[in-house]
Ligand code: E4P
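Next up: just one chain, as structure tokens, the form predicted alone.
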């Protein structure tokens, strides 16, 4: 399962890249608005930092197909041909996905709440389909099961599309999808940090260090002992 940051703050992205095996960055219009800067300034800095090979997923904003299509071309022009264009799976969005795939664009179908949305997006050629795990939960449906079902639908119908699970609220949700072999997950920085934030581990490491220093001297380690 690929691990993709759901955010746009460059300082946070750099910090997460420093410590975690990150595969890319995704953002949406709301996340970009929180940065309070020109969106392309933010996105070009992210692209410069992560390089041309890591994934960058950028969402169109308009509601009609023709304008979304034009947005996609501008995104590609400014951020590179490898940038995934995020397109909401609406009626207009379906048309855009088909148009972009004919031209070889990488496409992420987003704002997915149902199996049929995901199936249609994959049939239209989307590379990723992004179900909103926590938002689906809030509708009274099991978001994790929904994502796993979508994964199975793709495999059973021999569709190349992968699930890019989004909208997590906790580490357990990410773990459940990793165990199932979901293609990718885009996770907020605080949840990514929580993947290794375990008090018992910190305590065990502290005890190891104290025991070693008690025998070998304060500040001792395997470099200077």
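Quick caveat, the model's predicted, so the values are computed rather than measured. Numbering follows the first chain given and starts at 1.
Same protein, other form: the form predicted in complex with this ligand, not shown, and the subject of what follows.
This ligand is not shown here, but in the predicted bound form it comes within 4.5 Å of a heavy atom of residue 167. Within this chain, residue 28 lines the site of this ligand in the predicted bound form, having a heavy atom no more than 4.5 Å away. Contact check for residue 101: no non-hydrogen atom falls within 4.5 Å of this ligand in the predicted bound form. Although the partner is absent here, residue 132 lies within 4.5 Å of this ligand in the predicted bound form, judged by heavy atoms.
The stretch that touches this ligand in the predicted bound form, counting heavy atoms within 4.5 Å, is 132-140, out of 132-140, 146-154, 117-125, 68-76. Along 66-94, a single residue, 86, places a heavy atom within 4.5 Å of this ligand in the predicted bound form.
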